[in-house]
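Starting off, we have a lone chain in the form predicted on its own, written out as structure tokens.
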């Protein structure tokens, strides 16, 4: 049994403390992307399907409410972080040559890589335009620095494709930059615009960082163990793209020589079913549990950090959301 009993709550219940602010943020998102070009409107409508659970804007708003109270700036910032997040998804799908996202065709599948890259750029440019509407430029600097860090992480991952000697330190550096930096920024922005307490703001950034690390490890596990119909997106892309993730790294480091050699042969080959064969090998090893424990450890740290906040419905929602990361199947 795992130390944390993850449960899958109804998001509408978790988001109840910030429901009005989240709805307002969605409206700001739509209005910012409005265009007089019909093809752009259609593309933006399609991309809006990638909203999914709206975890990042919800994190920002819940942290804000738990730290001191929601302000109008938070609604704008929630729209900003969602634009940045969706832009990274669109660009990721190009890099991974993915066909499905949220049970719908990816932009690259629908319109080709050129259009997909431009749509991602369009979302990023609008996120900065929206940030510039705020009186304080602190958010713009945080979003700019975070966008830079995310790009660094993505480039590091591409540079390390097929690197079978990738270390755990390098892996954590990559996922910290490409995933955890954005969830950390969401929590930092929520706190910074709600309370004048630098120590608490830093703790919320740390909460977001631990949550983001756990989210990415779980996502990497899902790419191996998940069901594509249930996940609603292309799976098995990590193996096909030569990306070493935590469970596979652990397997290569701990498996008996013959199994390790067989795995390396599959990774260096071009069999269409190699990700299924790798998944079967990992399922019979301790490597899946090893990665799950790493995700759980980060969730335990995240939940512990939340104890610095006063008791509230929003803190309770944040705690449950953190535990929910471990149970996600999409």
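Predicted, not measured: the structure shown is a model, and the values here were computed from it. Residue numbers count along the first chain shown, from 1.
Beyond the structure shown, there is the form predicted in complex with another copy of the chain, which is absent from this document and is the topic of what follows.
Even though another copy of the chain is not shown here, does it sit in the predicted bound form so that 294, 308 and 312 each have a heavy atom within 4.5 Å? Checking in the predicted bound form: none of 294, 308 and 312 is within 4.5 Å of another copy of the chain.
Can you work out whether residue 243 and another copy of the chain are in contact in the predicted bound form, taking contact to mean some heavy atom pair no more than 4.5 Å apart? The answer is no: residue 243 has no heavy atom within 4.5 Å of another copy of the chain.
Contact of residue 121 with another copy of the chain in the predicted bound form (heavy atom, 4.5 Å): Yes, residue 121 lies within 4.5 Å of another copy of the chain in the predicted bound form.
Does residue 262 make contact with another copy of the chain in the predicted bound form, using a 4.5 Å heavy atom cut-off? Taking the distances in the predicted bound form, the answer for residue 262 is no, it never comes within 4.5 Å of another copy of the chain.
Even though the partner isn't displayed, in the predicted bound form is residue 43 close enough to another copy of the chain, meaning a heavy atom within 4.5 Å? Yes, residue 43 sits close enough to another copy of the chain in the predicted bound form that at least one of its heavy atoms falls within 4.5 Å.
With the partner removed from view, which of 71-79, 200-208, 246-254, 108-116 is the stretch that lies within 4.5 Å of another copy of the chain in the predicted bound form, judged by heavy atom distances? Correct option: 108-116.
Among the candidates 167, 148, 225, 163, the residue which, in the predicted bound form, approaches another copy of the chain to within 4.5 Å (heavy atoms): None of the others qualify; the residue that does is 148.
Just give me the residues of 117-145, first to last, that have a heavy atom within 4.5 Å of another copy of the chain in the predicted bound form. Those in contact are 117, 118, 119, 121, 122, 124, 125, 126, 128, 129, 131, 132, 133, 134, 135, 136, 137, 140, 141, 144, 145.
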